[in-house]
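Okay, so here's just one chain, in structure tokens, the form predicted on its own.
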Amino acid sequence: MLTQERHQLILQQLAQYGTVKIKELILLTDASESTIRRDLSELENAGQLTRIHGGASTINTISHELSFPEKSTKNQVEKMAIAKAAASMVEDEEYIYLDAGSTTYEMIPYLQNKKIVVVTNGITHIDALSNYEITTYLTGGYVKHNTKALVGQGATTSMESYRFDKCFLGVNGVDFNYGFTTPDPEESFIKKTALRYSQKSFALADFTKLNKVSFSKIADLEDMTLITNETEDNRLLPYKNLSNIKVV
């Protein structure tokens, strides 16, 4: 395979998944590890990707975050499948935390017939929860306009008043080495607080989030059950031995 062809293939993988591992590229291109490393260095020098441990990511992967409307239009079918599976984990009489995010938002229609109490920091969630007459508490805090999430000390302080049977969190990155991550430390702190006060915790992540790393760590992989729709064996392989993973 010519150098230009390998570079194009690498960029195509990044466009689809956000991150790519060196081992995956070796299998895809039948090139040596040294050749792939040289390709990644050349593409990084050209400003087309960012090198990370064991592979590469798109330039905006670490810190960039889409707005809620932008997230809502991406991978809707996959998000609905994950949301339905997550909602099936909720039982009557439970108190749950529903994180701000487009996938957790998709859970709401599947919760409508359950006798539950919801706490959320997602201001986009309120109308839907109210329409389905689900008992809901909104955290305090200030509005992060990009994601429509309530964050800050007010959000954290109000959450300390609650205890949850389960929490359902959106994440921007899932990586075997770096765990669950998100771009904003403020949102990460809220997610950590929810984890601390929940008996069981679930991370909702469509296939584009796997093998991807963002700026702020939320938790290790063993700290939450991962619900995902990833089906490609080569991308799912690092997580196969985890007992806390559900593939839908």
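Just so it is clear, the structure is predicted and the values come from calculations on it, not from any experiment. Numbers for residues come from their place in the sequence shown, where the first is 1. The term rigid core refers to the maximal set of C-alpha atoms that superpose within 1.5 Å between the two forms.
There is also a form predicted together with the DNA; it is not shown, and the following applies to it.
None of Ala31, Leu210, Leu221, Leu195 but one reaches within 4.5 angstroms of the DNA in the model of the complex through a heavy atom, and that residue is Ala31. Only one segment in the set 196-204, 213-221, 23-31, 178-186 has residues whose heavy atoms sit within 4.5 Å of the DNA in the model of the complex; it is 23-31.
Proximity of Leu43 to the DNA in the model of the complex: non-hydrogen atoms within 4.5 Å are absent; the residue sits far from the partner. Taking non-hydrogen atoms only, Gln48 never approaches the DNA to within 4.5 angstroms in the model of the complex.
For the chain shown alone, Thr3 is a contact residue for the DNA in the model of the complex, at least one non-hydrogen atom being within 4.5 angstroms. If you take 32-55 and check each residue for a heavy atom within 4.5 Å of the DNA in the model of the complex, you get Ser32, Glu33, Ser34, Thr35, Arg37, Arg38, Arg51, Ile52, His53, Gly54, Gly55, in sequence order. In the core-superposed comparison between this form and the one not shown, Lys192 has its Cα shifted by less than 2 Å. Relative to the displayed conformation, the Cα-Cα distance from Asp220 to His53 grows by 3 Å or more in the model of the complex.
Legend note: Cα of Glu24 to Cα of Ile82 is at least 3 Å closer in the model of the complex than in the depicted form.
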